[in-house]
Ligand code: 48F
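Form predicted on its own, single chain, as structure tokens, below.
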């Protein structure tokens, strides 16, 4: 078969444009493709919701790729193992209550299962603003990550969503956009992003579930973002709380969508 360079280009442009056009209106927009964002997106899509996920970086998976100090092994507790079991990720018992998994297998398996569940993932997209209607977030303002990195003056486009999940990790980007640009208060004791505390895995893992909740009308925090918003400790290279937080965020939104 003789290949035509223009047909190759045309296929990419037409197929990507179709995907993007179909994603401009969705049930849930997830910002951040780490373990919490992916798990939330997977659970929502599994329940027949239209989910679009935006990730600033080229790769999906957040900090899970590197395990701890670039040793590509992660740790989960018993509750987190149940979620890895659902995804089909192999785990190994280290000591009672501590299970290890290969981070490469974990990320690639979760990504694959999430896409196959129906989640539309757009990497290399940044969220630079939110759409606010009567003090409720009703969508996102997106642009290419390269535009952001190069500091180019290029206008963005918008997508509409019934709910948004801020799974942007330590930075809590969506929460900070709401705080800094809208003049509205978040549902925290101070009304603002409190900021994460130093590492304490035990407390951090406990608090992440409590802090996974609606932080502003239409917006839920998941993963390390939830602890950053409410001022809880970070957890380091244990990922069970991240997975469970994503699952909880999805369940809370599913209740809202009934």
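Given the structure is predicted, the values throughout are model-derived calculations rather than measurements. Residue numbers count along the first chain shown, from 1.
Below, we refer to the form predicted in complex with the ligand, which is not included among the displayed structures.
> Given that the partner is absent here, state which listed stretch (179-187, 149-157, 118-126, 131-139) has heavy atoms within 4.5 Å of the ligand in the predicted bound form.
Within 4.5 Å of the partner lies stretch 118-126.
> Decide whether residue 56 counts as a contact residue for the ligand in the predicted bound form under a heavy atom distance cut-off of 4.5 Å.
Output for residue 56 is yes: heavy atoms within 4.5 Å of the ligand.
> Decide whether residue 238 counts as a contact residue for the ligand in the predicted bound form under a heavy atom distance cut-off of 4.5 Å.
Yes, contact at 4.5 Å.
> Would residue 250 count as touching the ligand in the predicted bound form under a 4.5 Å heavy atom rule?
Looking in the predicted bound form, residue contacts with the ligand do not include residue 250, since no heavy atom lies within 4.5 Å.
> According to a 4.5 angstroms non-hydrogen atom cut-off, is residue 90 in contact with the ligand in the predicted bound form?
No, no contact at 4.5 Å.
> Taking only heavy atoms into account, state which residues of 29-67 are within 4.5 Å of the ligand in the predicted bound form, ordered by sequence.
Sequence-ordered list: 31, 32, 33, 34, 35, 36, 37, 54, 55, 56, 57, 61, 62, 63, 64.
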